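Have a look below at one chain only, the form predicted alone, in structure tokens format.
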Amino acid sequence: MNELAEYEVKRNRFTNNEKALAIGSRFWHETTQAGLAGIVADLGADGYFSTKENHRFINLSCCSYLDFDSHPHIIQGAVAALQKYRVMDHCISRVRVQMPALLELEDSLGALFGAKVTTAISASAASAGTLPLIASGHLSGGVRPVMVFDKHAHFSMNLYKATCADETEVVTIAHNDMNALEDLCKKHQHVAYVCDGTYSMGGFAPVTDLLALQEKYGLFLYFDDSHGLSILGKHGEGFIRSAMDRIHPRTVIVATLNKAFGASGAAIMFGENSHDNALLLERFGGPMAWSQPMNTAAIGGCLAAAELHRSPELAERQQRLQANIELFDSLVETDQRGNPFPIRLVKASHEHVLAAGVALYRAGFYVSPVFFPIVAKDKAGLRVMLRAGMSESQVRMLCQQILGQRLF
């Protein structure tokens, strides 16, 4: 009985599915009832989605910010790799057998981003493999650091707090609270900070301040820059990598290759002389060490995407995206106005946000309404995710529709 009581005290220190489902089920039920979840639609050549009822809409809840995901060169790259290697998924751990195309891809991405790159099937798998090894000290200098998570760090990182806590102390601090982080650096000799580069609900990490703390205290930095990759940087290296001349030995940057990059999989960026870290991940990095490498089509698509990132087309699409962001900002006020990232949260009340989302969808714009528990109770709104492929007239019509809604 005492053992059971002790277990009861220790559980749910980092996750609580019972609470999450009890609260979250209402959000998804209401969103589904409003017809804004579970939509089935095909993407047409003109960039519009169409349902079987012939309702056409532009998807403003899509992370393909540069619209590379439908680029013919990337699709053909996936097909060409399948034809060349004649296998969909070489289902074995890469530490035993790996395709030459995977090494070619990592070399290509490494040259593109100025880093030692190893790949994963997803950014979530990358976090699952990397964070526990940072917590145990094996990727962070041989000493177990205090693991500090930003409160708004993505679920794919927060999910591994419990695993990290099995190795070392885990602390959560308020979003972008650099004073709290510095206090922990003063108190503990070894600290690792886990955060997003750019956040899925808007906003971004104070990277200059973080690099200063790293220089002063030896802070280890783990960034997930999935929403920043490709949209910034001469070669699309992203927000975080663009902010530094080189990747410090005490820095890891993870980014999906799905979103603006336009293909599939994930890249883990280390400093250029980090071969041992990459090998450690291949052998002991959880799902990265299992029979889950990137499949053949993903590798081929990524190789083609890397070619596009070396072409003038990248800058052209980046510029079009920035033009659309600036146009939106000139017409609709949000807390994110003026930053170079494509996510904008238009504030609305909990009572009116769903009706506004429905009205926009009927007008041909699918915009995700977000409310508690996806965001805090007073932070409900419409999450707008702008893309390079939208025309000026489409952005203006979107803004006109948003401004015409009752939001409060």
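No experiment lies behind these values; they were computed from the predicted model shown. In this text, residue numbers run from 1 along the sequence as written.
Just so you know, the form predicted in complex with another copy of the chain exists too; it's not on screen, but the next bit is about it.
For the three residues N176, F365 and D378, a heavy atom within 4.5 Å of another copy of the chain turns up in the predicted bound form in no case. A single residue from the set T172, Q189, Q98, Q319 has any heavy atom within 4.5 angstroms of another copy of the chain in the predicted bound form; that residue is Q98. For the options A111, A323, C91, A180, the one in contact with another copy of the chain in the predicted bound form, meaning a heavy atom within 4.5 Å, is C91.
The stretch that touches another copy of the chain in the predicted bound form, counting heavy atoms within 4.5 Å, is 157 to 165, out of 157 to 165, 189 to 197, 304 to 312, 240 to 248. Taking the partner from elsewhere, N17 is found to have a heavy atom lying within 4.5 Å of another copy of the chain in the predicted bound form. A residue is said to contact a partner when one of its heavy atoms sits within 4.5 Å of a partner heavy atom; T32 meets this definition for another copy of the chain in the predicted bound form.
Among heavy atoms of C62, some come within 4.5 Å of another copy of the chain in the predicted bound form. The closest non-hydrogen atom of R396 lies beyond 4.5 Å of another copy of the chain in the predicted bound form.
Contact annotation for 289 to 324: residues with any non-hydrogen atom within 4.5 angstroms of another copy of the chain in the predicted bound form are W290, S291, Q292, N295, A297, A298, listed in sequence order.
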